[in-house]
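Next up: just one chain, as structure tokens, the form predicted on its own.
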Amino acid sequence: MAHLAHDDRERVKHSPQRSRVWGRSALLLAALSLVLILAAAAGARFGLLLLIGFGLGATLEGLRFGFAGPWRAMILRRDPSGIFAQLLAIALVATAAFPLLAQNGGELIGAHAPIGFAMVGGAFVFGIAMQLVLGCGSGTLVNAGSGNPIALVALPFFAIGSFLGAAHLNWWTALGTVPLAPLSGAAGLGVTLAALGLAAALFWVLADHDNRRLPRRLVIAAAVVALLAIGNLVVAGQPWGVVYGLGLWVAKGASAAGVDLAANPFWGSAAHAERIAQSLLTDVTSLTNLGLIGGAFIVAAWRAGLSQPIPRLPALAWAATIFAGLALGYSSRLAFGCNVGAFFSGISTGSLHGWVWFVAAFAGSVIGVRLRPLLQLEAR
């Protein structure tokens, strides 16, 4: 009896660990099943894009690779390690993207956009807003997937803002834009890599002496993100983006609710009207967005940390979160993208607007970091 009792105790002792293994296996099996089902129903291309999205979400959450947080670390602690990782990832993508675009110009496109008043102002406002919610486009999706309450509140308003910003985009761009030819070819790649090196050197000079390093974790994360971003370019035919997909979700909802979008210069155009009519499961940006959420969910659940406490914030902070969510979506449409679509994908495919976006958004981030305590956004 004593021996049996000991066995029972051992069985009880190991049952939580066994349950965790089964739970993790079920998560991976569910994700793989979704990819295979989508591939069978819509085509291998769309299944691959969902898989890429899962990979991006898992990498950003699992290896803590992001955009808003590293900028905040540089501003507050003069720690540029996260920015070094971003610049490294961009350089890796550019090294592959430039020749791919040169050789497959009819099939692949870059994240190219003009520079204008609205673009610069939009990037500046985006930089402020992303520090208020501690997440850019990809960061908000990843944070929402991992159960972060702030992101869960901000995300729907981000989507609404993206829809409205796109609807008003023609009015804003009419204020004036300067279309500049993108960098291309070996010379363009050389200029881009040199500029990335200069940016890294500048942050190294400005950094605190103890923070002048790039941790191995971030090197691995940068390499994985770059590989997945290159995969996205090849499979989707366009660079990794976030913002358009969020606005499209709202546009589809508005259309389903009976709102007539035909007269809108943006959503009523033939190309966008066609996307509204089609399934989200065949929209390349929506698929990677859903994958970002799903990948982050898997990692958070894997760690058994999906449930996050709701921070004790005053009403002013929650109102600021909602407003910042709207501002994130609206401003990113005017700026032709967020940290992913404009900064990361723009620079890595030769668009000069990505560099202008970087400067304006970083300046906005400095203000956003200073606004956080004034808006009582620090949890008590």
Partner chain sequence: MSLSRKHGVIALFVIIAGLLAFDLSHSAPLDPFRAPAILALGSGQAASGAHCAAAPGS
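Please read these numbers as outputs of a predicted model, since none were measured by experiment. Numbering follows the first chain given and starts at 1.
The form predicted together with its partner chain exists for this protein as well; it is not shown, and the discussion that follows is about that form.
Taking the partner from the other structure, its partner chain in the predicted complex has a heavy atom within 4.5 Å of a heavy atom of Ala111. Within this chain, Gly354 is remote from the site of its partner chain in the predicted complex, having no heavy atom within 4.5 Å. When contacts are judged by a 4.5 Å heavy atom cut-off, Lys252 counts as touching its partner chain in the predicted complex. In the predicted complex, Gly139 stays away from its partner chain, with no heavy atom inside 4.5 Å. The stretch that touches its partner chain in the predicted complex, counting heavy atoms within 4.5 Å, is 166-174, out of 67-75, 166-174, 119-127, 216-224. A heavy atom within 4.5 Å of its partner chain in the predicted complex is found for one listed residue only; from Leu281, Ala96, Ala195, Ala102, this is Leu281. Residue Ile310 is the only one of Ala263, Val259, Ala186, Ile310 with a heavy atom lying within 4.5 Å of its partner chain in the predicted complex. Along 148-164, a non-hydrogen atom within 4.5 Å of its partner chain in the predicted complex is carried by Asn148, Leu152, Leu155, in order along the sequence.
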